[in-house]
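One chain is shown next in structure tokens, namely the form predicted alone.
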Amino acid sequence: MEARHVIGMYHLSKRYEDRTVLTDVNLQVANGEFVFLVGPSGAGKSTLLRMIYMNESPTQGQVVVGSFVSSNMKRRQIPYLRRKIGVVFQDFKLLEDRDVFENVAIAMRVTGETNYEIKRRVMQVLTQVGLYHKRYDRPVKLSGGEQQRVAIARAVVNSPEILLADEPTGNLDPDVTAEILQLLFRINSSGTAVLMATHNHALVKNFGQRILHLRDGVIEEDRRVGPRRFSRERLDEISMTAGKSIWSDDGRADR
């Protein structure tokens, strides 16, 4: 049976006063897919992601996320849409005056969950990302990779159907990049659809399942090179090879 689509974009265009950012984008992402979105700076990757969680509205066309349709969305519906979507950014966007626990818990507090459920779920997710022992630390005491894992924990604590990751490894060294990538693959293997924007073509070359190439606001290529989800065996293989293969022979990131 064919997997249902959790994201759909139909003849979507986005224009600002002085420039066009996306042009006639047609895209569907199935439940549980892992999709790499690649392209140079200014290609429209971040704008495309913002369209999905409806932080931006299309100039033409529409976005469909589950039962939510951009063309008839009401402002009061947006918080309910965003409960289905986790978002991870390159610059983490953590609250510096809160500890790790509270940075993750805030995503549940805004939905009105009970304190008992918040504690149970936050502790569970922090264990999954390997940061339970740092739950009372402030972000300033964490490494870049640890801060990104906190951001990922916050994004998935409400068990979203979709995880959007906008250059989540852009500021990280190769070993930490491998750890973050493995974490995203594990999240995907549990059934969450992941759409990850990246400049790193070597990541895509070695680990891409489905690859969207975006240039000047147009999807130039939509290529599937593997199954929708990573198998246990493939995850084991990635764990063995990721730290080496995401870097070019001269030791610099392949951008």
Partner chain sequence: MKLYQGLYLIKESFKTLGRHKGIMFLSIVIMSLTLLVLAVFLLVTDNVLSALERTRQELSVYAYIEEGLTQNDIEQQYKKLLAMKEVESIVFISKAEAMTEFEEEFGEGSAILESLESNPLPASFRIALKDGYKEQSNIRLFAEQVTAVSGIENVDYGKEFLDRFSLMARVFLYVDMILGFIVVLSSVFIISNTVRLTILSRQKSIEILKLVGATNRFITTPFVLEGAFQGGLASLVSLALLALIYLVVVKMLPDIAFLDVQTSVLYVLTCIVLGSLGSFAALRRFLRL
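Residue numbers count along the first chain shown, from 1. What you see is a predicted model; the values in this text were computed from it and never measured.
If you look for the form predicted together with its partner chain, you will not find it shown, but the lines that follow are about it.
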Seminar exercise, completed: Only one of 88-96, 181-189, 124-132, 168-176 sits within 4.5 Å of its partner chain in the predicted complex by heavy atom distance, namely 88-96
Exercise. Would A107 count as touching its partner chain in the predicted complex under a 4.5 Å heavy atom rule?
Worked result: yes
Exercise. Using heavy atoms and a 4.5 Å limit, would one call Y80 a contact residue for its partner chain in the predicted complex?
Worked result: yes
Exercise. Using 4.5 Å between non-hydrogen atoms, is N115 touching its partner chain in the predicted complex?
Worked result: yes
Exercise. Heavy atoms within 4.5 Å of its partner chain in the predicted complex: does R154 have any?
Worked result: yes
Problem set entry | Contacts with its partner chain in the predicted complex - residues in 41-62 whose heavy atoms fall within 4.5 Å | Y53
